[in-house]
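In the block that follows, a single chain appears as structure tokens, in the form predicted alone.
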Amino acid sequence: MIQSLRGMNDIIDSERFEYFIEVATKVARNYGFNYMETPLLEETALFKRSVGESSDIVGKEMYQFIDKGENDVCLRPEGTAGVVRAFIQNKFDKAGGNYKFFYHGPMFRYERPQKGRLREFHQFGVESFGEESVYEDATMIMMIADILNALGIGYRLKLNSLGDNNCMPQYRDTLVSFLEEHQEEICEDCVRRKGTNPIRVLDCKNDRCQSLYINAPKLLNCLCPTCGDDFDKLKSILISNNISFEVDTHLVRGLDYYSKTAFEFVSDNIGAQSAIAGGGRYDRLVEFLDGKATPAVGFAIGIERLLELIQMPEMKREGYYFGALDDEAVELVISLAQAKRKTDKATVLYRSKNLKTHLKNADKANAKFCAIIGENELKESKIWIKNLEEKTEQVIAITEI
């Protein structure tokens, strides 16, 4: 028997999945964002230049191959780079102004599957271009909070600032000096990151490394006046909008393109993989990908990680269920259902001579009305209807339905 590939799951609980997309889409549109869709397959160079070769995603986890046209391509491991590529390709960077997009779809990373971590997973993401104000950073955070609150999901918000080109170089040198002092004690990944992107060591999952980094220099202590003021302003905005947060000086995010604001929403109810949403500012990424320098900020939500946390609304019965108790009534039942679909939901079981079976299927379909035609009804051009909410039943002329 052929089975799905490891870490690539079927989505059977579609109601929860669709409900999440519905809620998140409504919130994003309320904030003035428009839908964008980018290809699942992109040039590998896009992610090497944006996500960064020092990241585990590019170094270890991409589904990368040479296609029949000798192109080096990969399945997208994250969404932001593709949206930025589309932003530049469509010359929005040259046009100026503000552009606000949201998207959702599958991402692919070849990593060890576990709860909350799949090889094919789905994200809902939002990207805002052209607005450099920290108010837009706060807007991203408030949008996630609105989505999670609408879904009934509790969370903790972590904040940090990664500085910019004015303060990061000094901090980088200070951090490298600290790492060199402890070179014999840190793991191989941290030794490698020390030479590529030192700040990524703070995100190391090795317990021994984390115990060492408690005493590592803090970026917040090295922020330039502009970055420091922005971070203070962000905290003030969140406080005034009743959004609680904690400052986490080791929060660096997993991708190389972030600068200034970084944030992460975590849940205490899903085990070790506790992050359910995260993002931040990436003012340099458009320029890195050969576009005109454009400020940008965004986030992504891992859909599978929070599905089980969603508080589903009570599902109301809707529409009709049609069934035939007689072979001669099947064609009529199909025609009635097709006509009804112009205004209502209508499902059909073509043939079963057992009324109990039809009622059971109508209940499973969450229909409001169960409409059945048997031999007697067919002769008299009538139909039996039961209201499954009110538990009432009647027989009416077929023309009435």
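The numbering used is simple: start at 1 and walk along the sequence shown. Here the structure is a predicted model, which is why all the values come from computation and not from measurement.
The form predicted together with a small molecule is left out here; the points below concern that form.
Only one of 236-244, 278-286, 202-210, 307-315 lies within 4.5 Å of the small molecule in the predicted bound form by heavy atoms, and it is 278-286. For the chain shown alone, Ile144 is not a contact residue for the small molecule in the predicted bound form, no non-hydrogen atom being within 4.5 angstroms. Interface residue remark: Phe92 is not counted as part of the site for the small molecule in the predicted bound form, having no heavy atom within 4.5 Å. Taking the partner from elsewhere, Gly319 is found to have every heavy atom lying beyond 4.5 Å of the small molecule in the predicted bound form.
The shortest heavy atom separation between Arg253 and the small molecule in the predicted bound form is within 4.5 Å. Only one of the listed residues (Arg109, Arg193, His104, Arg85) places a non-hydrogen atom within 4.5 angstroms of the small molecule in the predicted bound form, and that residue is Arg109. The contact residue chosen from Phe121, Phe231, Tyr155, Tyr99 relative to the small molecule in the predicted bound form is Phe121, the criterion being a non-hydrogen atom within 4.5 angstroms.
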